[in-house]
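What follows is a single chain, given as structure tokens, in the form predicted alone.
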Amino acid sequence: MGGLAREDYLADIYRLQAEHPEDPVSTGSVAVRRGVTAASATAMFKRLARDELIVYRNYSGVSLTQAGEELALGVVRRHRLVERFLADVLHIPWQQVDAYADQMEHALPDDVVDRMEALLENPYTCPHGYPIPDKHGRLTQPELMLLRDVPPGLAVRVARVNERVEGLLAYVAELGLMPGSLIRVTRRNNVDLNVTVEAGGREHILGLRVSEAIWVERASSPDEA
């Protein structure tokens, strides 16, 4: 069980680094993500540093070594493929697949995960839009921007939705803002930082908490959205 916990810590460090590459990963942020105390996270960091899987200095945060990143990418690959299988094949609602994948990811043999990938025709992203590493740890990182930063009039495609914001996935699905959806920002309110988007012929006013949790990419042509 200790080995599984170790892998989960490495995967969460990787996810936090990917979300905020400019900031060190702190003990507190990992503890919150794992649902443990800061003391528990610190004890695990010391074990991971001893095994040369992370670089850890008191009060300076942590970073993955090459060996640590390889292990983390393996867990992330497994988790995101399981999410995709649950959503696409079993039609589990996308707001539930993250929790289910947490329970399943360590129980599946590698060859089962590989067969899932083949069945799904080698998907590039999980249902929430996060990239899936291949079996060699390679992944494609498209150039994305936060919805909050999109200027009015620009046509964009929803690429990723933060899976960790409580209630967000069901909300954006109801509005038709899931990954792949074409939208256009029609207005920005610089006072309260709301943005108004048009999707499927309807307008929606989104607060900052939502617009900071959705990443988009430019639509292929101005007339696409």
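All residue numbers are counted from 1 along the displayed sequence. Because the structure is predicted, anything quoted here is derived from the model rather than measured.
There is also a form predicted in complex with the DNA; it is not shown, and the following applies to it.
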| query | finding |
| --- | --- |
| Partner-contacting position among 27, 162, 194, 65 - heavy atom within 4.5 Å of the DNA in the predicted bound form | 27 |
| The DNA in the predicted bound form reached by all of 148, 184 and 187, non-hydrogen atom within 4.5 Å | no |
| 4.5 Å heavy atom contact, residue 167 to the DNA in the predicted bound form | no |
| Distance check, residue 218 to the DNA in the predicted bound form, heavy atom within 4.5 Å | no |
| 4.5 angstroms heavy atom contact with the DNA in the predicted bound form for residue 38 | yes |
| Contact of residue 44 with the DNA in the predicted bound form (heavy atom, 4.5 Å) | yes |
| Interface segment, criterion being heavy atoms within 4.5 Å of the DNA in the predicted bound form, picked from 174-182, 52-60, 196-204, 66-74 | 52-60 |
| Within 8-24, the residues that have a heavy atom no more than 4.5 Å from the DNA in the predicted bound form | 9 |
